[in-house]
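Okay, here we've got a single chain as structure tokens, the form predicted alone, with questions on binding and movement later.
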Amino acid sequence: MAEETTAIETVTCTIDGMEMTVPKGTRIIDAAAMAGIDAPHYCYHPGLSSPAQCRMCLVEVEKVPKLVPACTGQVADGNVIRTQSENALKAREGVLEFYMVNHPLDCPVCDQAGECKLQDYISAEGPAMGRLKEPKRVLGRDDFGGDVLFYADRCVMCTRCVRFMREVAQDERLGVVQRGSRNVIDTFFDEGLDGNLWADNIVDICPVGALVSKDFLHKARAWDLDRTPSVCPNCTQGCNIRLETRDNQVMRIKPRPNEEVNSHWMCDFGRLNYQWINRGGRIEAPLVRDASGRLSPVSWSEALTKLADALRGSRAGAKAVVSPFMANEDIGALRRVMEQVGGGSGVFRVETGEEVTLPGFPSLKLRTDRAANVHGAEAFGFTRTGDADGNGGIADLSSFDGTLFVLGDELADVDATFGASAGLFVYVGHFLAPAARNAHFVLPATTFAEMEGTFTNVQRRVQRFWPALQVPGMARPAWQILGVLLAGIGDEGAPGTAADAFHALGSVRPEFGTLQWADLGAGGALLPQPAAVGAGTQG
């Protein structure tokens, strides 16, 4: 029996003179986007239903008597569509004038200025002058609860926020009240948005600054921010995000679309938990314990030469504590160093909490483990220890007298005598807590926000992040520090780039060897199961 194949039915159309073939059922606005044409819109969002509410996406379709909303109209075979025809432009100009009847001209103080769709479209297609002579309506500001403020004067009633809470959060806490020109978005009674973990997504999708974040209010202007693609470090979901920074500080975190991981959304826990990235007081230079027992700052060359001399030829093994906030490249490099000195065991500690699912996109959750790279640490043979607060579990290492490595774990909860008995104590991290002061070598490492690397999320998806902040002092990525150390105690070359460090992971875990750095792209790639690539070398 012949194998059945399902061919995708397509239609061919012309948009602004450009002929293209798209799957049957494609909406005009999506087809235009495929052609690189932005059909103006407010109510349309690719993650929500399309009500054709705002009437901004009106386009002319040849042989159709009326203008068609591009967000609901589907492309038919032979359609000739014009987004910039005289009729379409005139209609959209009228819509914009209507919106500006009551919209305040408060762009100098509006948080949305610089990324406001109303600003953009008025500038591109709006009327030169408004004809309104009466005073504008003033509705004022409302606290919707949680992190959200509502400026009713700016609202264009696109209803994206209402539809998000109904369709995606499935927690209908917003509605349109009153009728006609008195329409306004409101909460139900005094309940507000308090307690809904996904509510800040309505700030992202508001096109005009009617909904703003209390956390970001008047903190920075949109055009002053640098935007860097990254991965949320706050749980094992690994939501794709943008780190938005100014003056070498993270100002806010926004979700970055990835249908395989987080669609267009992220939780408020991850979004608002960024202050730790800006924390000061970092270790800024390598410190080596001298003959008098004091930690003294030295050059990288001197520190790593002395450390390599101390480790070279050792086969006694080692123990380690790693942080699941460190990158795959960092943790994998430490595993390679441990194998070079005879192997050994390692642990990690992670804070845990309640798992919360986004009902409208159930594969997106605030995961129980509140760190990005728990699955990466496990893949490289480190085991979980400690309590639900990410503390404890390493008391047995206090009396350890061999070689002890700590990578990224601050040791803030640990007694100041931790590591004092170790024959060699190497601390690679960010802060000099009392326990870290016992180290023979203190080596300053970068955080994920200051370097390039990868995390492995709960789906076993390996995802890249990029540097968004400048490095403090002489800090370096841990994969670079440990890579140079490996070159000093073995016969391997030191990695020059994050791609080199990633490719070296295949020698520790074969499944990483099946992935190519260039193929990870912005969306990441799934690791095959270990059984599919043979047994690894887990320590």
Partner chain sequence: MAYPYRHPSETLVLSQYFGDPEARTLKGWEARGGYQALRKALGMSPGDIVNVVKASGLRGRGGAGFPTGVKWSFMPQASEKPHYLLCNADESEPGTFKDRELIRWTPHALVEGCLLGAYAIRAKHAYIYIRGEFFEPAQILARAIEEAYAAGYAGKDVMGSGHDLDITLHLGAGAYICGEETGLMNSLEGRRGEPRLKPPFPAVSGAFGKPSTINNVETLIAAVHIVQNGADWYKQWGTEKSTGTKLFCVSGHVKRPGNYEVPLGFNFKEFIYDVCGGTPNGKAIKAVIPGGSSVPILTADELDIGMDYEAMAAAGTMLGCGSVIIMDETTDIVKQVRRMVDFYSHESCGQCTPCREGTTWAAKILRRIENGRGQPDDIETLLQISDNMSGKTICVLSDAAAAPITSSIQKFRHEYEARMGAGAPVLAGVR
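Everything numeric in this text was worked out from a predicted model, so none of it was measured. Residue numbers count along the first chain shown, from 1.
FYI, the form predicted in complex with the partner chain isn't displayed, but the following is about it.
67 is the sole member of 471, 494, 67, 48 with a non-hydrogen atom within 4.5 Å of the partner chain in the predicted complex. The partner is absent here, but in the predicted complex a heavy atom of 55, alone among 55, 476, 503, 27, sits within 4.5 Å of the partner chain. Among heavy atoms of residue 325, none comes within 4.5 Å of the partner chain in the predicted complex. The closest heavy atom approach of residue 90 to the partner chain in the predicted complex falls within 4.5 Å.
Not displayed here, the partner chain is approached by residue 181 to within 4.5 Å at the level of heavy atoms in the predicted complex. Taking the partner from the other structure, the partner chain in the predicted complex has a heavy atom within 4.5 Å of a heavy atom of residue 97.
Per the 4.5 Å heavy atom criterion, the partner chain in the predicted complex is contacted by stretch 153-161, the sole one of 291-299, 401-409, 353-361, 153-161. Annotation for 469-485: no interface residues with the partner chain in the predicted complex [heavy atom within 4.5 Å].
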